[in-house]
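Next comes just one chain, in structure tokens: the form predicted on its own.
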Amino acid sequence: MSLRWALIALLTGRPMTGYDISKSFSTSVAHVWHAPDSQIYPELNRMEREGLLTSVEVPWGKKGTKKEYHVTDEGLAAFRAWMESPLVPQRQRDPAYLKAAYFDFADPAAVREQLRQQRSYWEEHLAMLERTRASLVDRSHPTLAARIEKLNQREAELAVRYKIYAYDGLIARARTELAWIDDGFTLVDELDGC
């Protein structure tokens, strides 16, 4: 259900077409809530049927049109209600930790390779998060810039600071993952010598 809230959050910046949403989603909201296009487009249609969004036809190409989505007052009210309701923590479902618990079934070389792949992913992810955070700090991130244009100074400050806070958490998590992976290399080296 969080996909709809991620979509509304994105659309609070400005009205967008499905294509624009998909592009913007991958460089902003997807950092905290991943969803492929195959989930985004059907959810936009459901949200429109439920009155959370409305759309207008806008020109596309020489003769075509496409939908541009706008958040309705009902959509904003539902988003605010979701934002103000307590979040129930979710139990973890991470295959990397499941596999780590059973590395004793794997060859040490295979364990090292899995750890290398995990490290590569988290290093790239951390770099992307740090770049995004920097664009939030200087207010150059396109999604944020579009949203804060419509806000007064106090509202803009809140939007920027809370987004930075979210990215600080994501960055801390990525750094923790990298430290855990380093510990895994140390452990496999220690146990491989037993």
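For every residue, the number given is its place in the sequence shown, counted from 1. These figures come from a predicted structure and were not determined experimentally.
Separately, the form predicted together with 4-hydroxy-3-methoxybenzoate exists; it is not shown, and the next lines address it.
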* **in the predicted bound form, residue 136 touching 4-hydroxy-3-methoxybenzoate (heavy atom, 4.5 Å)** => yes
* To do: Decide whether residue 144 counts as a contact residue for 4-hydroxy-3-methoxybenzoate in the predicted bound form under a heavy atom distance cut-off of 4.5 Å.
  => yes
* **Contact label in the predicted bound form: residue 32 to 4-hydroxy-3-methoxybenzoate, heavy atom within 4.5 Å** => yes
* Asked: Any of the heavy atoms of residue 163 lying within 4.5 Å of 4-hydroxy-3-methoxybenzoate in the predicted bound form?
  -> yes
* Mind telling me which stretch in 35 to 43, 62 to 70, 49 to 57, 128 to 136 gets its heavy atoms within 4.5 Å of 4-hydroxy-3-methoxybenzoate in the predicted bound form? => 128 to 136
